[in-house]
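The chain below stands alone and is given in structure tokens; this is the form predicted alone.
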């Protein structure tokens, strides 16, 4: 099975969150709105590739490090 994460999204691509891998980081990500079945869209990538900007459920944007994005699994 091919597992994709938010870090694998291309600019403008949307996907549903299916799981969070890092138990310690998951509480912070939950508080930021990264909940299962939530839509996430890649909005921008910084010039050096990190951080990335994402839109959560078409309501707000935030940026996060690619290492954090790799812990958020999406449905492909």
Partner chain sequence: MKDAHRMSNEQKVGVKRRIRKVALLGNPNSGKTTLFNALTGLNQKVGNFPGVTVDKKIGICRLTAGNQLEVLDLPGIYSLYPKSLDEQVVLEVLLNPEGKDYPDAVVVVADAANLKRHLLLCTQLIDLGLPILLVLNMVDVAEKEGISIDTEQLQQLLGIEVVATNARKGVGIEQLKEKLTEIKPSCRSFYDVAPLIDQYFEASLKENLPKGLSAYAQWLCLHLFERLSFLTEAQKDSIQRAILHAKEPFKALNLQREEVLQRYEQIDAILAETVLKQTKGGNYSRLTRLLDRWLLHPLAGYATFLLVLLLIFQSVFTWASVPMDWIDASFSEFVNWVHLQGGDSLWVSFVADGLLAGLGGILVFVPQIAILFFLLGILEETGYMARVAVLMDKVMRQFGLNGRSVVPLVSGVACAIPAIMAARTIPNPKERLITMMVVPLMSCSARLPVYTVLVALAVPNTLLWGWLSLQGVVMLGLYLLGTLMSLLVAWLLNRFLRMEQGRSFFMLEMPLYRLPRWRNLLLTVWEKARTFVVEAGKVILLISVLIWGLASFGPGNAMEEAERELRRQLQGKATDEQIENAVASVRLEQSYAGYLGRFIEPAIRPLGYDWKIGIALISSFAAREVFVGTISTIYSIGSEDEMTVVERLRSEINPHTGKPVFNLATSVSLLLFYAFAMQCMSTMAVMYRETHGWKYPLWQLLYMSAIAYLSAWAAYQWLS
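Quick caveat: nothing in here was measured; it's all calculated off a predicted structure. Numbering follows the first chain given and starts at 1.
Omitted here: the form predicted together with its partner chain. The next part is about that form.
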TODO: Find out whether any non-hydrogen atom of residue 18 is located within 4.5 angstroms of its partner chain in the model of the complex, and reply yes or no.
DONE: no
Open item on the list: I'd like to check something about residue 64: if you look in the model of the complex, is any of its heavy atoms closer than or equal to 4.5 Å to a heavy atom of its partner chain?
Closed with: yes
TODO: Please check if residue 13 has a heavy atom lying within 4.5 Å of any heavy atom of its partner chain in the model of the complex.
DONE: no
Task: Residues in 46-69 close to its partner chain in the model of the complex, defined by a heavy atom within 4.5 Å, in order - done: 46, 47, 48, 50, 51, 55, 57, 58, 59, 60, 61, 62, 63, 64, 65, 67, 68
